[in-house]
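The chain that follows stands alone, in the form predicted alone, written as structure tokens.
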Amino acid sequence: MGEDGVCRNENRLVQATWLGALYGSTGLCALAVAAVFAFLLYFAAPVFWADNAGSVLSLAWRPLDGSFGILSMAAASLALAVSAMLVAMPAGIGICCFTCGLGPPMAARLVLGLVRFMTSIPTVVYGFVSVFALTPIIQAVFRGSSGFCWLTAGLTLSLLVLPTVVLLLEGPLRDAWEHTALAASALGLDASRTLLHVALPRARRSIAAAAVLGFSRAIGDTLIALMLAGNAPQLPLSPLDSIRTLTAHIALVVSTESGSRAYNSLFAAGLLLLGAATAVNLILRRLLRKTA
């Protein structure tokens, strides 16, 4: 066998090794996800099949009366995540438009650098600052409010989600801008109209993907809701209501209970959260497949 043949065999061996490593990593990830699903199903099933299964799927969380309903907390999780995205998405799109063509290059680089720096700030810092900076403002503006409510948590959570939205959207929007700016300029469109009527519609799939991932980040956050939302297990009927999300509820109960019926109901809460995260990821895969 000549030198070329030895080289080809070595390349095939390296390629086979890399493929084996990739398939092995993929298999391990799939097994880990399946194990999490199986774990939650195994422990959540008795909760749903018990005589008082209906109490888990109710609105009332009164452990002393034997009511372990988690639906009010599921509604609070959904309301908090949606409200945060209603603030974060327009702000994120505006920042991306500024950095992709509307703003001066130096200011655009500074803003983008600031957004990237925000990703390195721990979540607890956002919550801690809001406790001492935002909560007193809410108390002063809305007399009678404790400040620890859906509104405070939603505003802080939108700040936490903002970098996710911007960093996912900025690249595709910049590509769309660079590919269409010259033709749009030849047609007489200025920068703002080019972004609004050409680049943004061209990047609509990326906007949807940023919204889905941002929502997934918002609904899975624990610390912001735990520190700022008030932790009252009730339906979110007003932005000034104290609410408790599923993630905060799990953290609170795990820290004080073990082996009780309240503790067992957490597996149903975890199953709901995992189902929501899976649904979001499936939506994202569908969007990305359409974009490709």
Partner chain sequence: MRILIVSRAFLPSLVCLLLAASVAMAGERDRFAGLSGNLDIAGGTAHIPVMKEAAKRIMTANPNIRITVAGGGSGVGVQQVGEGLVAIGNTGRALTPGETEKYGLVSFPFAIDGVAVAVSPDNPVAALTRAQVRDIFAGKVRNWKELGGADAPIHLYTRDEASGTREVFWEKMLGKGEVATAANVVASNGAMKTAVAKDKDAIGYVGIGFIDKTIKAPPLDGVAPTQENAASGQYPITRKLYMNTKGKPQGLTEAFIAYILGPDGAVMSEAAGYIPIK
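All of these numbers come straight from a predicted model, not from anything done at the bench. Residue numbers count along the first chain shown, from 1.
We do not show the form predicted together with its partner chain, though everything after this point is about it.
Asker: With its partner chain left out here, work out from 126 to 134, 78 to 86, 104 to 112, 175 to 183 which stretch has heavy atoms within 4.5 Å of it in the model of the complex.
Answerer: Stretch 126 to 134 is the one.
Asker: Look up in the model of the complex whether S55 has a non-hydrogen atom within 4.5 angstroms of its partner chain, and give yes or no.
Answerer: No - in the model of the complex, heavy atoms of S55 and its partner chain never come within 4.5 Å of each other.
Asker: I'd like to check something about T222: if you look in the model of the complex, is any of its heavy atoms closer than or equal to 4.5 Å to a heavy atom of its partner chain?
Answerer: Judged by the heavy-atom cut-off of 4.5 Å, T222 is well away from its partner chain in the model of the complex.
Asker: Whether F148 contacts its partner chain in the model of the complex should be assessed with a 4.5 Å heavy atom distance threshold; does it?
Answerer: Result yes; F148 sits at the interface with its partner chain in the model of the complex.
Asker: Would G144 sit within 4.5 Å of its partner chain in the model of the complex, counting heavy atoms only?
Answerer: Within the cut-off, so yes.
Asker: Can you list, in sequence order, the residues from 61 to 90 that come within 4.5 Å of its partner chain in the model of the complex, counting heavy atoms only?
Answerer: Residues within 4.5 Å: W61, R62, P63, L64.
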